[in-house]
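Just the one chain here, the form predicted alone, laid out as structure tokens.
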């Protein structure tokens, strides 16, 4: 434990629950080591961003080489090769995309996407398009604009009066028994059809006011690992095109192999106008995010200077050369080590091990998996049908139980997230799942 006085206010943490925090001094592969030499498996990929494990020599050397050459140069009237090379790679892996805007984090990249959507319609002479539509339990970040597009009450309700109103759309998801929050249990095919009909009705009725629909691509992560039903994203994309509404896909937490494919929206057969990447873009080593736009969207910002059509947006450290160099090395390593194939195999191992160790646990209510991410919903009252009661801090309790068992875990509400580094091996997956199951059992009496 770190026994010294601290001035750090930790993110999304009830500080009164903690006297001190474990101080991590080093990382190696999937392991984090604290200042006392105690090791834990990084079960959440350092907030879902780590690809290759910690202290990967190839990425570290790429960062060091770039840091010795050019530390920062802005993209205001200038450019540099790391940013140019990365943009070519991003456009190359993202069907339909044409240009790349850089920012430092996912929330900022989402805000960029929303600003682009709003100004696009102004440039097109349709200034009445001022609404954003998004999905129930959706999450796109913690800044005000990104929060406005989110619908996770536990995170955002305290700020609602300061946020713009977004039109809320229903989601048919793996494991979701309720339609529109009404408590009515429906079979997945019927739920999908009813959601699509509702979405179509709303978008067609309000198409003259909606600038864009924004959705997480493939699954909702912070909403509790809610995996989309097959064809859902494709159908949403089609409805947007029928009504001439821009579609923004948020792949910050789901892209770059987390759910399996490098580009989830392509695998989902959707055709967005704007795509957003982050988290694993640099392998999890440095902050960097990107907002991509199609040629149609980009060209609406072109014109004579006095027309004021250009994008009124820019960040100081956008496209930082060191971060871009890390991302370029990360990109090359995906190809060199065939990471997508590895994730395909590792995903099956993770799902199989979770089923083996947790499917019959009375402490577990529901398990949702896709790719190398799993949401393990805790049950309460000794029944798998009842969720754990609110009030107790599952986050603190699960963390302590995880640490005792040598695994770093964090919860979202009563959902234990398993989001390991993508390069995790089969034996490491075995250890991760076994230790997590033991931690859940140990924590259950306190929840």
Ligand SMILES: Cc1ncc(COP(=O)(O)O)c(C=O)c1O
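Small disclaimer: the values here were computed from a predicted structure and weren't measured. Positions refer to the first chain, counted from 1.
This protein has a second form, the form predicted in complex with this ligand, left out of what is shown; the following refers to that one.
For the options 347, 235, 123, 105, the residue carrying a heavy atom within 4.5 angstroms of this ligand in the model of the complex is 105. When this ligand is considered in the model of the complex, only one residue from 327, 275, 252, 213 comes within 4.5 Å through any heavy atom, namely 252. In the model of the complex, this ligand lies within 4.5 Å of some heavy atom of residue 141.
This ligand is not shown here, but in the model of the complex it comes within 4.5 Å of a heavy atom of residue 279. Taking the partner from the other structure, this ligand in the model of the complex has no heavy atom within 4.5 Å of any heavy atom of residue 52. Heavy atoms within 4.5 Å of this ligand in the model of the complex belong, among the stretches 259 to 267, 353 to 361, 132 to 140, 92 to 100, to residues of 132 to 140. Along 286 to 322, a non-hydrogen atom within 4.5 Å of this ligand in the model of the complex is carried by no residue at all.
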